[in-house]
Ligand SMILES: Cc1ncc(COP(=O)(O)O)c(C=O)c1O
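Read the single chain below, which is given as structure tokens and is the form predicted on its own.
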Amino acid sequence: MNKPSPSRRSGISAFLVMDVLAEAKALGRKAVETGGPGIIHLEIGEPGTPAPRPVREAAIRALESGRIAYTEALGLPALREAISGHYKAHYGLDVAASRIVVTTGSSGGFILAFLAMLDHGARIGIPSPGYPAYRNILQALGIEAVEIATGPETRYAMSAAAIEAAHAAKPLDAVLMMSPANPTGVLTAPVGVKAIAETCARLGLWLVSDEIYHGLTYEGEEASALAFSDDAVIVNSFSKYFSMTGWRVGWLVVPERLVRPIERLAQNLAICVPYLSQIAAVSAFDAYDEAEATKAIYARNRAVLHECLPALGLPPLPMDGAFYAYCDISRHSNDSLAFAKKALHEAGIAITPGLDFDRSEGNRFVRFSYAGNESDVVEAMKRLKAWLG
């Protein structure tokens, strides 16, 4: 009997960091059973702290109040207003709440934005190295991801010149930038963001700016693309700065002409973001003090890696922001998959191979996440030193 096959669109690449996480957790459970040393998780980009207290308390109050119901597809008005207030307080920008769309994390935001902006077969420039889900989501949607390589000449940040060159080679329909970046941690300076926004406007391209790591900058100045273009599509989330990964709530800021198309898509694809997460997220903006205290932990972890990794022959790219160190392993290996697997099985340290982020040069890089607790980062560096000899 012939059985139907899975769709071609489902044949996207695995998100390698999730595979590493699954294997690391399995090894960790085995270590508990045998009494061996545990696994230190430096692979996943997830804050090690819980959501801020006001967030948790708001969720408890909502649960105790009774009914958890649908909300408007674009999000609770109170949350959209709170996000609007955040742009005024943090950036000095007036962003109408009507332009804000609450999404199921940044992932749901990307899907809605791509579907609303781009037709099947459209072409969008994305940074390389870059977040692998960009490429994989786009492939599943039938949109061509055009990888724009970054290198030392721009401190591994996407540049207006590179966008112009890619568009001249074969026309693009859109560009996606990220600052601070995953996996590199590199920040695009305000002058660079301005140049990219102006280039996209001149060329008639959509600009999508992934700003999920805003608030987590240690060197340099972060700037929202909204400061330079009202037409930019901004993707952000409560996951990173506010430590709300599992709550799955993020947002888009979009030009008015995209609001209704995205609303129609959201109505049909998910109806709405979970009510409880939205109610809780309103209170995140009362928790800047807790968020900054968590950021201070990251800063201390960053200082440990900044000192230790170069001495171990693992020089990182500029660690401007986010909570990642993207390190060149050429001194030790030219196979990041093998290197990461050996680090996991021989040293008990889970890290992410660079091939997850860069299919051309990722064989010689690995990513360390320093979003966990300080003691784990210190112990990981001790193990790494002993393992590398």
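In case it trips you up, residue 1 is the first one in the sequence shown, and so on. Fair warning: this is a prediction, and the values are worked out from it, not measured in the lab.
Missing here is the form predicted in complex with the named molecule; even so, the following discussion is about that form.
Interface residue among 242, 87, 156, 131, judged by heavy atoms within 4.5 Å of the named molecule in the model of the complex: 131. This chain is drawn without the named molecule; in the model of the complex, the residue among 298, 228, 110, 206 with a heavy atom within 4.5 Å of it is 110. The stretch among 262-270, 69-77, 160-168, 212-220 whose residues place heavy atoms within 4.5 Å of the named molecule in the model of the complex is 212-220. Put simply, residue 184 is far from the named molecule in the model of the complex: not one heavy atom of it is within 4.5 Å.
Although the partner is absent from this view, residue 291 stays clear of the named molecule in the model of the complex, with no non-hydrogen atom inside 4.5 angstroms. The named molecule is not drawn, but in the model of the complex it has no heavy atom within 4.5 Å of residue 148.
Using a 4.5 angstroms limit between non-hydrogen atoms, residue 237 touches the named molecule in the model of the complex. With contact defined as any non-hydrogen atom lying within 4.5 angstroms of the named molecule in the model of the complex, 178 is the only contacting residue in 158-179.
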